[in-house]
Ligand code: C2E
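As C-alpha cells, one chain now follows by itself in the form predicted alone.
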Amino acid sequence: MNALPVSRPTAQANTTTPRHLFDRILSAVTLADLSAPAALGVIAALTVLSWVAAYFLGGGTNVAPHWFYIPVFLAGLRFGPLGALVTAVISTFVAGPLLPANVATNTPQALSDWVSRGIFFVVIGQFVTQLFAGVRRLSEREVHLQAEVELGTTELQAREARFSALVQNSSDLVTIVDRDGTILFQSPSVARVLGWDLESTTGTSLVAAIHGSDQQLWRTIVDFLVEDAGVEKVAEWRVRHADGSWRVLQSIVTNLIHESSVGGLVLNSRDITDQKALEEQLRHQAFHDQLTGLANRALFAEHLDQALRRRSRMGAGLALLFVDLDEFKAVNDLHGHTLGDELLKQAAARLRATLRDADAIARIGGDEFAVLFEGVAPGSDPRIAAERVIEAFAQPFRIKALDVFVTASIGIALDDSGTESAEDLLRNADLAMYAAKTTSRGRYEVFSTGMHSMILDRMQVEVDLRRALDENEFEVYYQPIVEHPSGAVGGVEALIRWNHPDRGLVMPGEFIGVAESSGTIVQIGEWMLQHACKEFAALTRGVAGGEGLYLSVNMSTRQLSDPLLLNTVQSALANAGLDAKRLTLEITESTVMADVTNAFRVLTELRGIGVKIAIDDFGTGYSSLSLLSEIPVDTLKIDRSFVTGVAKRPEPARLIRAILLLASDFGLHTVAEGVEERDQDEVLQGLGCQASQGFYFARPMPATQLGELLERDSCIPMGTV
C-alpha cells in the first residue's frame, strides 16, 4: 500500500552514560539535590568535623586548617559567595583558638596567619566554587537542550503518526499529482470514493478520469496555480467511478510543487454527488410543477426574461401561447380532484407530444398552461402550433375507463415591435385567451390592441350579470314549435332575455358566453327553469288543449355538470305544478361529449322522473352516432345551418333526409330550427320532418303575447305572427 512515511521514536537506553555519572557526582558535590535546610545541616556537620580534625591534627602540620575549606567550598557551591564567606569567618574566628601550638616553636599560631590564609582560601574557594557553578550550569543547559530536543523529536514523531493515521483513515480523498496530472500519491480512501485500486492507478493520468466537459476547468486551475507557490483553489468536477458512473468531487487544489517533501499539486477532495443531486432535486421542485413535471410560473418567467435578452442581441422574434382547458372546473367538481389531477397530467403530456422539444412549456396555475416560442416568424408558426394543440385536445382523454372531453382555448401574443416586456406578453396572451373563450370554445385568438377594451366590456357584463340576478332583470320569451302537418302549436321553446337598465333588451348571444365562462350560467339557468315552468304552467292552464303543450328549455354544459341539477328540475316542476312529461330539456352534442359518462347518468336520472331530452343543433357537433343508442334521447332538433339551403341546394336536403331516417330508426321526434321561408317548410314537410320552428311561424314573444295566442287559437297561420 502506498502510504506516507512516518518516523518512529527510538527506544530509551537503560544504561547510565558517563555524562549521567558526571551529572550525578556534580549534583552530589554541589548539594544541588538537597533542600536549603538539609544543605545547611550538611555544611554545619562538616564544619564541626573540620574543627575536630583541626584539633587533633593541628600543630605544625599545616594540614588541619585545610579541613576548614571543605565546608567553605560546599557553602559557596550551594549558597554562593556570601555563604562561603560566612562559613569561612565562623571557622576562622571560632575554631582558630582551638588549634594547638606549633610543635616546632611551641608558640600559638598567629591569628593573622589564619586570617591571611583564610582570605586566600576563601578566594581560591570562590574561584573553585564559581568554576563548579559554571560547569554545573553548562551541564544543566546541555541537559535541558537535550531534553528539549528529545521532546521535540517525540512531538514531531507523534505529529507525523497522527497525520499518517488521518490520511490513512480519512473519508476525504488526498491526491498528489504533478503539473501534467500524473498521480504521484493517493490516500487509501480512493477505493471507497472512486472504487479505484490504489496501486494500479498510481502513475496514471487524473485528467483522463475527469469528465470531458470539466477538463478545461482543470487546465485553467493548473495554469493559475503554477504561477504562485502555496496558492489554492476550490473546484468541482465529475470524475469517473470504477463502475463507470460519474461522481462529483469538490477539491481544494494547493500548489506544493516547490515543497521537496511533496513536489506536486495536492487535491483534498470530497464526494458531493449526493449533495448535488439533492440540490438539483430541490431546485427542480422549486422551479417545476410537482403534478405535471412542467416548468412552473417562476421558471417560465426566467425563461421568458432570458429569451427577451437574447432577442435584443439576436433580433429573433418571440411568441407566447396561453392555453386554458375549457370546462375543467366542471369536470373537477363533478368527478373529484383525483380525476382532475390525472386530467392535468395527461393534458401536460399531450402538450409535450404536440409541441417541439425546444418550446418552453409551463403550467402557470390551475388549468392554465403557457408556451414560449423563440426565433419564430410572427403570423405563421404560433398559429400552426395553436391549431395542432386544439386538434390534439379535440380527442377525448381516457381516465379510469372514462372518456373525458376537454377542449383548449388559446391566446397568442406576438412580439411584433420587439419592445414588449415579459409582463406585456403574458398579459396580452392572457387577454387573447380570454377573448377566445368568450367567442367560442376550442379555438385561438391572436392579441390585438382592441381586445383590452373588449375584455373590460366583458368584465363589466359579468358584474352586471351578478347584479341582474339580484335585481330580477331577466325575462323569458317563448317561440312556438309547430307540428306537421296540422300546423298546431305543439310546444314552445323558452328563450331568456335581459332587460338591462342602460342597454335595454339584451339578446342571449351577448351575455350567455360570459355567463358560461364566469360560472353564473348555473344560477341563471336555475332562475330560467323555475320561472319558465311556473309561467308556462300558468299560461296553459285553462287553455283548450293546453295540457298537451310542452315546454322546451336549454341546458348548458355547466348546468349538466351541476350535481344539484336533478333537485333543481324536481323543485321547478313541483313549484309550478307542471307535469314532468311536459318538460323537454335541450342539450347540444358538445355538451354530451364533454363528459359522456356523466351525461348518460344525469340524462337517465332526468328521464326517470318523466322529463324528455332533446339534442339541439344536431349534426353540427362531433358526437358518434352510436351515442344515440346509448344515451336517453327523445327529440332531434335539426340545426338551422342545414335548413337555410334546403330549398336551394340538394346537399342540405340529402343530409336532412339522412338525419330523419336515422331518427325514424331510433324512434325519435324531429324538429327543424330556423325555418324562415315557405319553400323551406314545404321541403321539410316533404322530407318527413315532424315539427318546425322559426320566424316563418312566429318570432320569440313575451309571456303575455303567448297567452293571447294560445287563447285565440292553437293553430298558427303561417308567417303571420
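Everything numeric here is computed off the predicted structure, so don't read it as measured data. Just count from 1 along the sequence shown to find any residue number. In this text, the rigid core denotes the largest set of C-alpha atoms whose superposition between the two forms falls within 1.5 Å.
Omitted from view is the form predicted together with this ligand, to which the following refers.
**Q** Pick from 250-258, 450-458, 425-433, 507-515: which stretch has a heavy atom within 4.5 Å of this ligand in the predicted complex?
**A** Residues of 507-515 come within 4.5 Å of the partner.
**Q** Would you classify Glu420 as touching this ligand in the predicted complex, given a 4.5 Å non-hydrogen atom cut-off?
**A** Answer no; every heavy atom of Glu420 is more than 4.5 Å from this ligand in the predicted complex.
**Q** So in the predicted complex, does Gly688 come within 4.5 Å of this ligand, heavy atom to heavy atom?
**A** Gly688: no contact with this ligand in the predicted complex.
**Q** Though only this chain appears here, would Gly694 touch this ligand in the predicted complex if you measure heavy atom gaps against 4.5 Å?
**A** Flag for Gly694 set to yes.
**Q** State yes or no: in the predicted complex, is some non-hydrogen atom of Gln559 no more than 4.5 angstroms from a non-hydrogen atom of this ligand?
**A** Contact with this ligand, yes.
**Q** Looking at this ligand in the predicted complex, is some heavy atom of each of Val489, Leu539 and Asp634 within 4.5 Å of it?
**A** Judged in the predicted complex, none of Val489, Leu539 and Asp634 sits within 4.5 Å of this ligand.
**Q** Find the only residue in Leu565, Ala385, Ile521, Val446 having a heavy atom within 4.5 Å of this ligand in the predicted complex.
**A** Looking at the other structure, the residue within range turns out to be Ile521.
**Q** Just one of Met555, Leu583, Val592, Ile615 has a heavy atom within 4.5 Å of this ligand in the predicted complex. Which one?
**A** Here the answer is residue option Met555.
**Q** Within 4.5 Å of this ligand in the predicted complex, counting any non-hydrogen atom, which residues from 478-505 show up?
**A** Sequence-ordered list: Gln479, Glu493, Ala494, Leu495, Ile496, Arg497.
**Q** For Ile481, state whether the C-alpha moves by 2 Å or more between this form and the one not shown after rigid core superposition.
**A** It does, since the Ile481 C-alpha is displaced 2 Å or more between this form and the one not shown after the core fit.
**Q** Given a core-based superposition, decide whether the C-alpha of Gln186 shifts by 2 Å or more between this form and the one not shown.
**A** Gln186 C-alpha, core-superposed: shift of less than 2 Å.
**Q** Once both forms sit on the same rigid core, is the C-alpha displacement of Asn332 at or above 2 Å between this form and the one not shown?
**A** The answer is no; the displacement is under 2 Å.
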